[in-house]
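Just the one chain here, laid out as structure tokens, in the form predicted on its own.
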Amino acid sequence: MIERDILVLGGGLVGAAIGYGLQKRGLRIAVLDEGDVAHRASRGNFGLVWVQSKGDGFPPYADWARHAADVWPDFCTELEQRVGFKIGYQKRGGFSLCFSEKDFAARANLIKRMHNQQGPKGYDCEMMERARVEKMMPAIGPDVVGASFCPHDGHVNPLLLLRALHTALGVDYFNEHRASAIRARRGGFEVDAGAAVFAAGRVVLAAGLGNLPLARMLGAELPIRPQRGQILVTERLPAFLDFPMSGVRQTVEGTVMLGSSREEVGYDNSIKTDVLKTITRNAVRAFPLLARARILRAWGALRVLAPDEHPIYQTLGDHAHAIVATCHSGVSLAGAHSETFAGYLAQGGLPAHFAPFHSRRFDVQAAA
């Protein structure tokens, strides 16, 4: 039996970031990963570190997203120094383009609502007319009428981020060790994973969609579902885009990522040509020069969504030492999970101000 202080079930971005943060604080941990046979959003996402529009109607998430963006630069610097390679992080701000006056007005109403929602805490996002947007991004197409801009937004190479976290975890990362059974015992839990049995006083469920069967092993149900998004990537192009947006971003290597869709298709992560056509059409509308770019690859991946699409952080049912961490923003929140969330766990548990992230919020909504 392998004894640890805390077991983290899930080796994607959420679990790896939490495990890395716990490891840095001197805890004996094990991150148990199913491997690439899992429905791993961490290897299929767009790579945004995003603030704008997150937390509309749910201020705790708006605060958490902003905090995550604030700690990302130091988190990145420390991680890169630890592993000895760059992960492609840039923080220059991000845009959301509008293609009609109606779209512009709707986006302006959203930004105003979030300004009002955040109150004295502030919400650094503004609307820009076309002239200002074109000055910052000369390659935009004629249909762009304006955009929202947030200076806290950025992007990163998600594959390099995941590789860096796994590298930093070292011998505490157990690949191809899917948790097949969890048993509560006096003083903690036992977990069967691969050919080994692990034991610890606490366990963190951070396996994305894999949290559904893991929670059931401890007699609980989690209100999460998959949602497919499809993405394409082009050949390397001369630099033309210094800012990411929620549909087009140019990587530090020069390739351009295009996406993404929102499809309720269950656990199907295949690609569909009609959806890919819509994605490329919208991208060319934003930046006409992309019409000449060759597409190298396309893929589908599954987001992990709660009913309101915000994170779930909580203890699990009657198990006070089983913590759930589920979200679809593993890239954006990686710094906060490592630098702050792991710190809470190292100190003993979740603070009171995390209560709004509990899944009981959906019971209240259902009753209402």
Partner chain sequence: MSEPIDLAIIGAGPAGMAAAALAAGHGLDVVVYDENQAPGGQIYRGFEAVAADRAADLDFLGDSYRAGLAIAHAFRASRARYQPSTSVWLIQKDRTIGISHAGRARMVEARRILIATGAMERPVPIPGWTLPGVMTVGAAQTALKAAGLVPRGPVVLGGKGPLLYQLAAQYLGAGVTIAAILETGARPLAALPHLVQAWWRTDYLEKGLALLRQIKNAGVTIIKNVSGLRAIGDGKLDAVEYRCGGTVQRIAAPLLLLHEGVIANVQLTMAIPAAHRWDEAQRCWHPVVDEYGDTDLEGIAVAGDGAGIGGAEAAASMGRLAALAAVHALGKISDGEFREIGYDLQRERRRYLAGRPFLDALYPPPAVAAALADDTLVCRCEEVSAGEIRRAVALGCTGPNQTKSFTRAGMGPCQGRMCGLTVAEVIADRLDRPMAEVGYYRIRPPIKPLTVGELAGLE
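What you see is a predicted model, and the numbers here were worked out from it, not measured in a lab. Positions refer to the first chain, counted from 1.
Another form exists, predicted together with its partner chain; not displayed. Remarks below refer to it.
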Q. Just one stretch in 323 to 331, 295 to 303, 22 to 30, 308 to 316 has heavy atoms within 4.5 Å of its partner chain in the predicted bound form, so which one is it?
A. 295 to 303
Q: Select from the listed residues Val284, Met127, Leu209, Cys150 the one whose heavy atoms reach within 4.5 Å of its partner chain in the predicted bound form.
A: Val284
Q | Option touching its partner chain, based on a heavy atom within 4.5 Å in the predicted bound form, out of Leu232, Ala193, Leu222, Ile87 | A | Leu232
Q. Has each of Asp74, Arg82 and Val144 got a heavy atom lying within 4.5 angstroms of its partner chain in the predicted bound form?
A. no
Q. Using 4.5 Å between non-hydrogen atoms, is Leu159 touching its partner chain in the predicted bound form?
A. yes
(Q) Check Arg183 for me: does it contact its partner chain in the predicted bound form (non-hydrogen atoms, 4.5 angstroms)? (A) no
Q.
I'd like to know if Asp36 sits close to its partner chain in the predicted bound form, meaning any non-hydrogen atom pair within 4.5 angstroms.
A. yes
Q. Would Leu258 count as a contact of its partner chain in the predicted bound form, using a 4.5 angstroms cut-off between non-hydrogen atoms?
A. yes
Q.
Within 4.5 Å of its partner chain in the predicted bound form, counting any non-hydrogen atom, which residues from 162 to 199 show up?
A. Leu162, Arg163, His166, Thr167, Tyr173, Asn175, Glu176
